[in-house]
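Here's a solo chain for you in structure tokens, the form predicted alone.
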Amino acid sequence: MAEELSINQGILLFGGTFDPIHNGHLIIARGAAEELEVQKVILVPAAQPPHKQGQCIAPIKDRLNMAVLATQDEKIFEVSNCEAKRNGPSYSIDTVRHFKTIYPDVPLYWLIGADSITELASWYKIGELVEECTIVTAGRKGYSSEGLSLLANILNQDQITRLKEHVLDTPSVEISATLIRQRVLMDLSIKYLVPDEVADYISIHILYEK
């Protein structure tokens, strides 16, 4: 049975490859949750990221395990394996609809980074996604509403206006999963970039070393 939540609280959904999850993800997610005043953040590691087809990524089992380890002591965070259970590409619209069946009366927010604005035009059923949840953009640094012009022939003006209105003033953290994988490959420390439990997991399971 789903946890009882107030209709006014809302849930922040944060999807991504999380290869690996790092402190930047956690800081931004917490900052967004505080600004939106939601009581729950659900991390959703993508089993088959549509934009990374053919790329080499860590197995979904490992990425899920690292997300759980990174958030195990934080009550506000929850990790979902819903995309791991589905076949085919991990589309955001399918994930939002999954959670709408669990929390039918609770507002759902979908968190993206400022760098994803220019990619929205290529998202699967983006028009339906905008209607079924509130897309919020993290971090004003690097944000440009010019990227929304790519959506002019896909979304209506009201939908584009809503995207512009939901840009959050979250902390800007210059940490990337690419940097972490590169440092592991070069046998450099990733301390302070990821939670200690995640660093230990990467070492024990020999991830990103080739």
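This one's a predicted model, so the numbers in the text were calculated from it and none came from an experiment. Throughout, we count residues from 1 along the sequence that is shown.
Unshown form predicted together with adenosine-5'-triphosphate (ATP); subsequent notes refer to it.
Asker: Gly10 versus adenosine-5'-triphosphate (ATP), in the predicted bound form: is there a non-hydrogen atom within 4.5 Å?
Answerer: No, no contact at 4.5 Å.
Asker: Is Gly15 near adenosine-5'-triphosphate (ATP)? Define near as a heavy atom within 4.5 Å, in the predicted bound form.
Answerer: Yes.
Asker: Taking adenosine-5'-triphosphate (ATP) as it sits in the predicted bound form, is Asn81 near enough to touch it, meaning that at least one heavy atom pair lies within 4.5 angstroms?
Answerer: Contact check for Asn81: no, nothing within 4.5 Å of adenosine-5'-triphosphate (ATP) in the predicted bound form.
Asker: I'd like to know if Leu108 sits close to adenosine-5'-triphosphate (ATP) in the predicted bound form, meaning any non-hydrogen atom pair within 4.5 angstroms.
Answerer: Contact check for Leu108: no, nothing within 4.5 Å of adenosine-5'-triphosphate (ATP) in the predicted bound form.
Asker: Work out which of the listed stretches, 65 to 73, 33 to 41, 178 to 186, 147 to 155, brings a heavy atom within 4.5 angstroms of adenosine-5'-triphosphate (ATP) in the predicted bound form.
Answerer: Of the options given, it is 178 to 186.
Asker: Going through 16 to 52, which residues have a heavy atom within 4.5 Å of adenosine-5'-triphosphate (ATP) in the predicted bound form? Please give them in sequence order.
Answerer: Gly16, Thr17, Phe18, His22, Gly24, His25, Ile28, Lys52, in sequence order.
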